[in-house]
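Take a look at this single chain, the form predicted on its own, given in structure tokens.
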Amino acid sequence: MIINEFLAALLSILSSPEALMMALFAVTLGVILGALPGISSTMAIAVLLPVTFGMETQLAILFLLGVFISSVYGGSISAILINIPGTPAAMVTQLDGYPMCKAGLGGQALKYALYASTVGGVIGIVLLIVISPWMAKAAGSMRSPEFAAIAALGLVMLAFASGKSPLRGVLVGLLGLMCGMIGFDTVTDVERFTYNSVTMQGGVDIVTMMLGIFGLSEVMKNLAGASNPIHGKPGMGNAKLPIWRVLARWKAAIRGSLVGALIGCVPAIGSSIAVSVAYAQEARLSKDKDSFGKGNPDGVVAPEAANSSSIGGSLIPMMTLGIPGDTVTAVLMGALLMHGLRPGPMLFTNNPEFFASVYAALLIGVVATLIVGLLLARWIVKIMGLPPRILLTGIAVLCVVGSFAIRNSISDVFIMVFFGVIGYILHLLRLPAAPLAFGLILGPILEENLRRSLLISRGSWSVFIERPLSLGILTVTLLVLLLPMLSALCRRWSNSMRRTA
């Protein structure tokens, strides 16, 4: 059934010149922004999100997913050519990509990355198509206690994965929860935290917050010199790569794709861990271990395949459970909410054609990235020579215009600037900013289902332990919270045993 709808959605896009031009435009923008150091995939999508305000939902999703997929590949361009990853997940690609570039094989390294990214993207889409219906069906049997427990688990895991200090991540997540409570209470219709402001009665808009913490704050960090400037003029060198040499790397591409897709399914793990695991696995399995870090093509293929395939994996919890898998899917979730769609099992049941359009948009994005990467790579490399401050100033203007366009209110611009400053302050304090957005998204889900569960049980908290699935999820949440303490105790015990011996 879903395959038929997928093919219908794919045919609809292919038969529409407007949709195809939109996909190519989005992919070109994504590759350029991803290739520029300091501009992550999250930042690229956040600042371009307001562009989709007037679009139909299908075109908006096609545009945003195109930017997402292509920016992931774009990050490898600067990682390979100038040894500065354009996106955080590209940090592993530079280990072997930059040595290839210094050896005059930068163009070949870019092609290895592009082909591996294509393979990984396709495998990630296949996994998404296979797993999503099953997970949505399983989630359809859940009730309010289970969704409250899942929201709590998602907040804890995402907070833990956003920084070295779990406690700091949790505290920032709680601040996001408070932001989600601003406005009218959904049950009692009483104003909360509005301070008699008409603007705040509608609550904090998720897009406004994301433009601030993922857009404007990043601009502030870059303008303040928080990111490394571009050194030297990038050069591609030899770009001729016979197809048989590409096919000879199929094992690394498949292994990396599977690792990325499976790790991407787990909320909060993210692509950075996926590419690290894929690279480490390839180095361990290679017959020429000493060549890794010195220009081995497998060291480019495996992490890039994992990086791209993790996209499909990260969309699974977001679309089926309503829990963003990472910061990028959190922004995408904000886009869906803006277009009147709330991800979760009910969306799959009531609107399966939307899922089919997402699958089709992902495939179109992967193919378009391959085309743009092959045809425009040299031009994109020249754009990398633009002064970063000019580009960042343009992004700041987009943040201001985008926040104003949400409700045509200058107050939203001030709110965006406020969260931009908050994001920059969190950076200075070495606190993760991502849990702030996760708290705003998951907070209302947690509150709504928590209060509904207590109303049904007449105020009894036992409802959360009487249901086996809810109890299991809460047990996992407790273990995650106690994990740092248990790890510290294990290390102390191990050290004391060694001293005793």
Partner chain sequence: MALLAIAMTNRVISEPEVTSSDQAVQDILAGMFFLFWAALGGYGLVSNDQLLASQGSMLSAGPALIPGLTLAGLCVGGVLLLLKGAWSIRAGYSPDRPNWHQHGYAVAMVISLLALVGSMQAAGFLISTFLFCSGWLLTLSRRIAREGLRVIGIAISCAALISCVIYLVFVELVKVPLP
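Bear in mind that the values here come from a model prediction, so they are computed numbers and not experimental data. Residue numbers count along the first chain shown, from 1.
Quick note: we don't show the form predicted in complex with its partner chain, though the next part is all about it.
Determine whether any heavy atom of K289 comes within 4.5 Å of a heavy atom of its partner chain in the predicted bound form, and answer yes or no. K289: no contact with its partner chain in the predicted bound form.
So, L24 and its partner chain: in the predicted bound form, are they within 4.5 Å at any heavy atom pair? The answer is no: L24 has no heavy atom within 4.5 Å of its partner chain.
K240 versus its partner chain, in the predicted bound form: is there a non-hydrogen atom within 4.5 Å? No, no contact at 4.5 Å.
How about P50 - does it come within 4.5 Å of its partner chain in the predicted bound form, if we only consider non-hydrogen atoms? Judged by the heavy-atom cut-off of 4.5 Å, P50 is in contact with its partner chain in the predicted bound form.
Using a 4.5 Å cut on heavy atoms, which of M181, I129, A377, V122 is close to its partner chain in the predicted bound form? Looking at M181, I129, A377, V122 one by one, just M181 meets the 4.5 Å heavy-atom criterion.
Proximity to its partner chain in the predicted bound form, single hit among L370, I254, L95, L175 (heavy atom within 4.5 Å): When its partner chain is considered in the predicted bound form, the option within 4.5 Å is L175.
Since the chain is shown here on its own, which stretch among 256-264, 349-357, 307-315, 202-210 would lie within 4.5 Å of its partner chain in the predicted bound form, judged by heavy atoms? That would be stretch 256-264.
Residue by residue through 287-315, which ones have a non-hydrogen atom no more than 4.5 angstroms from its partner chain in the predicted bound form? Residues within 4.5 Å: none.
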